[in-house]
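Listed next as structure tokens is one chain, alone, in the form predicted alone.
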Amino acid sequence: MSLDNLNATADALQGIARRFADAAPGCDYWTLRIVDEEHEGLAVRDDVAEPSSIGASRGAMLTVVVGGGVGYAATADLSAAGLAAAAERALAAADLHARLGLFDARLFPRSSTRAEYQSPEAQPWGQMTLSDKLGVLSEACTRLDLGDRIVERAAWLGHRRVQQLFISSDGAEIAQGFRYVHTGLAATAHIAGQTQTRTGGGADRPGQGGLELLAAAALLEDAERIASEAIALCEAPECPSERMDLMLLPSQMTLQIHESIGHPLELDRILGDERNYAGLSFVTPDMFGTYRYGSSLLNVTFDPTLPGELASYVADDEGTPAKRVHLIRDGILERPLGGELSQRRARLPGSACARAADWDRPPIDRMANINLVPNGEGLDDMVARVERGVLMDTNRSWSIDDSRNKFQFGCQLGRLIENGELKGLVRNPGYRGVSARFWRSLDGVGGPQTCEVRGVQNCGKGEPNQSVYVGHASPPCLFRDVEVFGGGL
């Protein structure tokens, strides 16, 4: 989208906001969050261009607080009449909540924040033609072809633009523009009844920015490695099944942090709000400030202020200004992932993490950028301290119980470690554990030079479901005495 079009979109959202504010409903407090979005997806599979996906939407979420009740209403009709009708629905919902709700809406946070945010973007999406984008994908897909043993090849590229304006009856005005680019490669090999898939080319490194992320993903340069590793994994022995040391590269640390730190610390889950859908948490309110979640090497932050990470922003969708806070410090659980409303309900500190997936969803407690703070070791130094273990790279399967406590993960690639040295590949590596016991076994954390920024684009939660983007940064980590398994067991 050109600068002129972006300015026109911003002006249009401002016009909708003024129209609503001039005829706002009578209530104690209201907010209006207007979202305009465009997205595009391109892919080439086995040298054939897939049908492109393209979409656009614009709508608004209205929140009203009246006495002890809060109500929400979403609408794609942004005319004066459409906004008025949404206000009537929200007022009716607030009346119902005042009589039947689980909390007093007088706790609802009020925002007067005025701020702006724009994703960093060195090369806008529109500076490259559709033909050139498909040309890069076609060339990458061709380079994945290493012969008959490669049975499926794919390369993809996607873009998403979101323009959002949040206003409130207390004078808040928060304008945020987000630009996302994601890329990826996948190669599947089949040899003598064994099938293995390897991904790369930025597949788990989506971020905020422009086409500079496509260049950084190195699709063409990464293709041969990806296909070669898929073939090598078919010919590798199975991962051994025994208790041993485990090294996780940042690609796998992403999901380990996501599932066994991020989700258990969501305060609305701890309060029981997710019970019907995604379960509860083993974490309880009395644990904060005293509970040893991991070894003293475990330091985890919530940080939506980092430029370019997938879930960075200036304020959350309740209008709370974003800031970096520690969730876990020196292994001790410090605070939950709770927006201001949940903080008031639980009487606990939290973070600016009330987030909505789109204009037709209200904000709920979500992860944003959940990052494991580097320590000081190099990768080779950690390997040298392992007598027998496995190094694992890139998630391919996951399972975790409804308390977000017991887990099992499978990875795409493993390498044996014996007597302080990396040895050959093993296929179908996996490991299982219990969250606190696992994190307490943390015995090595890589230094800043080993840290990688990655992300998850499909974090699901809530009824009705909301899928949001989440950023994760981590160095490689070493864990002692973990139950490792192979063969898909």
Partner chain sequence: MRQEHFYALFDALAAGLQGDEILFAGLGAERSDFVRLNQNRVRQAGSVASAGLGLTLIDRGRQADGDCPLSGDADADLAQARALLGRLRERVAHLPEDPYLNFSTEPATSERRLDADLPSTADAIGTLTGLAGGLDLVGIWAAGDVMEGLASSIGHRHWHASRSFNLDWSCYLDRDKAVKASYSGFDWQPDALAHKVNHQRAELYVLGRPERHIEPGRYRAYLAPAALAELMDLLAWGGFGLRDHRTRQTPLLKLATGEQRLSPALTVIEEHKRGLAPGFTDEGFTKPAQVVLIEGGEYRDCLTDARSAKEYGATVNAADEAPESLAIAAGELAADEALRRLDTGILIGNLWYCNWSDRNACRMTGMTRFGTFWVEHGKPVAPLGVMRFDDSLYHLLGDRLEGLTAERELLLAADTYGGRSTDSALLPGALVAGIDLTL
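Positions refer to the first chain, counted from 1. Because the structure is predicted, anything quoted here is derived from the model rather than measured.
From this point on, the text means the form predicted in complex with the partner chain, which you will not see here.
Proximity of E235 to the partner chain in the model of the complex, heavy atoms at 4.5 Å
Answer no; every heavy atom of E235 is more than 4.5 Å from the partner chain in the model of the complex.
Touches the partner chain in the model of the complex: D330 (any heavy atom, 4.5 Å)
Close contact is absent here: in the model of the complex, D330 is far from the partner chain, nothing within 4.5 Å, heavy atoms only.
Whether D245 contacts the partner chain in the model of the complex should be assessed with a 4.5 Å heavy atom distance threshold; does it?
D245: no, not in contact with the partner chain in the model of the complex.
Using a 4.5 angstroms cut-off on non-hydrogen atoms, would L42 count as touching the partner chain in the model of the complex?
Yes, L42 lies within 4.5 Å of the partner chain in the model of the complex.
Contact check for G177, D204 and R388 against the partner chain in the model of the complex, heavy atom at 4.5 Å
Per the other structure, none of G177, D204 and R388 touch the partner chain.
If contact means any heavy atom within 4.5 Å, which of 282 to 290, 206 to 214, 305 to 313, 109 to 117 contacts the partner chain in the model of the complex?
Contact criterion met by 282 to 290 only.
Considering M253, I364, V300, A223, which brings a non-hydrogen atom within 4.5 Å of the partner chain in the model of the complex?
That would be I364.
Could you work out which of T142, T195, N375, Q123 is the residue within 4.5 angstroms of the partner chain in the model of the complex, going by heavy atoms?
Looking at the other structure, the residue within range turns out to be T195.
Do any residues of 79 to 107 have a non-hydrogen atom within 4.5 angstroms of the partner chain in the model of the complex? If so, which ones, in sequence order?
Counting only heavy atoms within 4.5 Å of the partner chain in the model of the complex, the contacting residues of 79 to 107 are R89, A93, L96, H97, R99, L100, G101, L102, F103.
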